[in-house]
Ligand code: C5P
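Heads up, the chain below is alone and in the form predicted on its own; it's given as structure tokens.
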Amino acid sequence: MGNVTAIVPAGGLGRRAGGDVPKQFLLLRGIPILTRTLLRLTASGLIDALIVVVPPGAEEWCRKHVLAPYPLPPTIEIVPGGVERQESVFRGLQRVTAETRLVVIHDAVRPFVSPDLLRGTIEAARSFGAAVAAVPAVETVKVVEGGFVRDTPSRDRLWIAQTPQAFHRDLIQEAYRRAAADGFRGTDDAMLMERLGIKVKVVPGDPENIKITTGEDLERAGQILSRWEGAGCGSASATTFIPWSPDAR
């Protein structure tokens, strides 16, 4: 689709899914979650350049254990991340070349993104400047203050954001520069665009495009993978890890 760069923020140290190891490095059916995500992106044929933002100190380890053993292009760039996701994405954005027209940002721990969802998000961003994959809320959401319900918004207007999220390069870079200058912290990339008054197009997401955060998510990921591979109903093990953690630096 021409001049599309994907940034995969994988710099977090969250360990809820697997003890001492950051969740993006856990093995899902013998392959790191991050690797599976990168394989999905590159196999789509929709990404021209890929930047992976990893924990500082893990750059060479990732090149050796996450990229090299698998059919991934050697041109993938690895960048050390920041303390928070927003800082990590900003560092990735600073490495995007001027030839890039669109930037796709996708969570490292969403390994089930489909080519159709990726394509739809990219096309929407190309047309509207900014796009986010999202699914409708299926449960009632309460606004709570001081331990009491203040409001119950209609579910018809509530959607749960996913990634991929895609943007015109100049718009997302400006949104991140402004956020850094203002000390603003958003919960996702689209939020930084919204605060600049830029409309973000919603692309219907996929319930199986899950974010693996907890051990339960890892189990569900194994079940999804079993269906995809036609391998019965096995599940991923939450006790099988790649031997890297920030404590080993």
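Just so we're clear, the structure is a prediction, and the values are computed from it rather than from any experiment. Residues carry their position along the shown sequence, with the first being 1.
As for the form predicted together with the ligand, it is not shown, yet the points below apply to it.
Of 109, 104, 172, 125, the one that lies within 4.5 Å of the ligand in the model of the complex (heavy atoms): Checking each option against the ligand in the model of the complex, the one that comes within 4.5 Å is 109.
Could you confirm whether residue 84 comes within 4.5 Å of the ligand in the model of the complex, counting heavy atoms only? Yes.
Under a 4.5 Å heavy atom criterion, is residue 63 part of the interface with the ligand in the model of the complex? No, residue 63 is distant from the partner.
Answer for residue 220 alone: is it within 4.5 Å of the ligand in the model of the complex, judged on heavy atom distances? Contact with the ligand, no.
Might residue 88 be said to contact the ligand in the model of the complex, defining contact as any heavy atom within 4.5 Å? Within the cut-off, so yes.
Quick one: find which of 128-136, 152-160, 93-101, 75-83 has residues within 4.5 Å of the ligand in the model of the complex by heavy atom distance. Looking at the partner contacts, the answer comes out as 75-83.
With the ligand taken in the model of the complex, which residues across 193-222 come within 4.5 angstroms through any non-hydrogen atom? Read in sequence order, the lone residue that approaches the ligand (within 4.5 Å, in the model of the complex) is 211.
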